[in-house]
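Coming up are structure 1 and structure 2: the same protein chain in two forms, each one given alone as structure tokens.
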Structure 1
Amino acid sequence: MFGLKTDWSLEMPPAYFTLESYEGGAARWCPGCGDFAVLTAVQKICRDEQLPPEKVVAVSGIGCSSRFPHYMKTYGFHGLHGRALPVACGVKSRRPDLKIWVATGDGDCCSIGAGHWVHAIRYNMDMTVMLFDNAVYGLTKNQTSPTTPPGRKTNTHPRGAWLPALNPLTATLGFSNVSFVAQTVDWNPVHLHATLAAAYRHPGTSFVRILQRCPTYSDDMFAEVQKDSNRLLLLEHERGVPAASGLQRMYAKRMEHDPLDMAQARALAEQQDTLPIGVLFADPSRPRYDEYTAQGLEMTAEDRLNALESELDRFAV
């Protein structure tokens, strides 16, 4: 009677889910915003993987990019600025059956939420974290973000940002127990999709930095890299984004990079003239906190009450 009857398994549903199954309200980002492309890629992956919409949870903080959950026809949690990751970890802690997508901005993740970023990477719970890096605060109208390049004029630094920009890739690769780091760009839907798909399939926290154009405040931010494909270095590997002729035609600079090679991953992440895209690091063997947090889920109410009775005995007089 008290048995906890919940089926955690992800059965292949009889229904066939289409893209529409995941399309929430019409997205209201500015025309030309890079966020649209990410939304479409995620919806496609959900469709490709045939995820039941009720088993998908999109969690975000606050910012333009954090509107993401509203445009998914799944469960969503649009919480507080900087705090997407603790919420996502809590959701996952006792619900191994749920598939988690986290949307976070460069201000959200690398500034106000930076503490959680360090620790969520270390927890390495199974989820996909998408850093929408437009190198500027969008929602609050063009303030400097941690990833704003020095010299760039913003409303808080009209004479140009002063500090060196924070590099989310080297930072994340430096956090203990990191298990997956990738980089992609919003303007190449094929690469974006392939990278996010690799991230989704990775067991553990997959951190994907997406270079994302803000047509209103940072339209020119990535103009050079966008124009000159030689500024990008395509990383290929069967355990990362596999070589595909479509992508190879677009990028002259390519490199076979084993995602288990942390030293090379760090070196690549440091590069400024040629930006690596693809999977920099992936180690599926890293310990996952969600395997610890979900322990005991199978226990029945009787088990619990019996254990509690003997707990009370310890205090008996």
Structure 2
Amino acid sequence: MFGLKTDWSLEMPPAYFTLESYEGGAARWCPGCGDFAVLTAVQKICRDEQLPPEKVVAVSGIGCSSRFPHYMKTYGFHGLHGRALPVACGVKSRRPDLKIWVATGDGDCCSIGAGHWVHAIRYNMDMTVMLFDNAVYGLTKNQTSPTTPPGRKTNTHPRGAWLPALNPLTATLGFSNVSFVAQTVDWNPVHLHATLAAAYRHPGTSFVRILQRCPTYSDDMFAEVQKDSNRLLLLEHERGVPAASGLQRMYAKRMEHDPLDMAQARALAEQQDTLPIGVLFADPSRPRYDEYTAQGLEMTAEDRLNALESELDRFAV
């Protein structure tokens, strides 16, 4: 047996991941639901970036959109109602090497999860947060959500919602240490993909509000905006979403907007008659809490125990 080759390891060729590499179970949303477009866009971005599926985590709370992890062939965590963001922050703090996509709805994020929303934006950990906003609680069959416009009739307000709708864009832009805010629509796959790709590449918490159709309970919510492209304002800038020639032909209203201009971003977010789509704000220099929590991860169990004993010894009497 002497002299035989003992190294039997094989040099594996680099893997190429296709869309099928990220396709999990068959999506069970209603036919025509905007969630399908978002799922496809994320899968395409994972393929384009050649992300190993085992390095991707999809995290969600509760709602129609929160079934997202079931349809990704990656790691996933289907959390409790409103708790997608703290789960995602916990994952990122211990595994900063993972790429995290958070799927949350207008109720999941802006209602029961609102407290976590504020602090996740402030922590600015590197993850992509997708707010699926159809302005209604769809999973529980048509109740008023925080983003339901006044006068909209639902099961909880059969005579019409009373209060002004919460604006997720202006709210997020007002949170401390915000670093990326964008808006897109589910019925334009080109812009949807480009916006989510820009969000993914941003170092920090990228918050993307997606105007998303619910064919069952709010199919007319964005009907006027879909029919009249002049209701949308396409934001263009080299630091924003690349405006392909097709998008420029589709949207007559366009504006050069520097994502570093917070004042203008807030003014755009407050517009009601014309909805901006693109990157409203992006500042990659904002501090990231995951860079702090990653310190010491390379320590062994023995190192951790010794460090703990050393700290306790300081208080010995």
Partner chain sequence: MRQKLSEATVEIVSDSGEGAQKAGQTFGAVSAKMGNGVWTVEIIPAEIKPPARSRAGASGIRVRFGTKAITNMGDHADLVVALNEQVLYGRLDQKAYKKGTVVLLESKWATDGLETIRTQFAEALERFEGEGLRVIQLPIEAACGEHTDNPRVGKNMFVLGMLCHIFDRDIDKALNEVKLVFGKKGEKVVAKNQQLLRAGLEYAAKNLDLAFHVPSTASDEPKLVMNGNQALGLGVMAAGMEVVSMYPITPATSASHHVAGSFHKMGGLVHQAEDEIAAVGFAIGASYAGKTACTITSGPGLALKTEFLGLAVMAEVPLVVVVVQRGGPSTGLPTKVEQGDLLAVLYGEPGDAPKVVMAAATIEECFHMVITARRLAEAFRTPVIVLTDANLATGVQPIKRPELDPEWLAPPIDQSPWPKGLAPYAWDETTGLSPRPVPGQKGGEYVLTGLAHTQGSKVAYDPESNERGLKMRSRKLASLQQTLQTPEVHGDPEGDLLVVGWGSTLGAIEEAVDRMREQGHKVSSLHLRMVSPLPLGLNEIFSRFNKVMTVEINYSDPKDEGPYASGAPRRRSQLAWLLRAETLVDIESWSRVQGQPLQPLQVEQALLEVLEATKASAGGKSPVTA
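Superpose the two forms; the largest set of C-alphas matching within 1.5 Å is the rigid core. Here, a residue number simply tells you its place in the sequence of structure 1, counted from 1. Since this is a predicted model, take the numbers as computed values, not measurements.
Asker: The form predicted in complex with the partner chain: 1 or 2?
Answerer: The form predicted in complex with the partner chain is shown as structure 1.
Asker: Rigid core aligned, does the Cα position of E20 differ by 2 Å or more between structures 1 and 2?
Answerer: The answer is no; the displacement is under 2 Å.
Asker: When the rigid core is used for the superposition, does Q295 move between structures 1 and 2 (threshold: C-alpha shift of 2 Å or more)?
Answerer: The answer is no, as the C-alpha of Q295 shifts between structures 1 and 2 by less than 2 Å after core alignment.
Asker: Core superposed first, then measure: what is the displacement of the CA of L308 between structures 1 and 2, in Å?
Answerer: The alpha-carbon displacement, core-superposed, is 3.7 Å.
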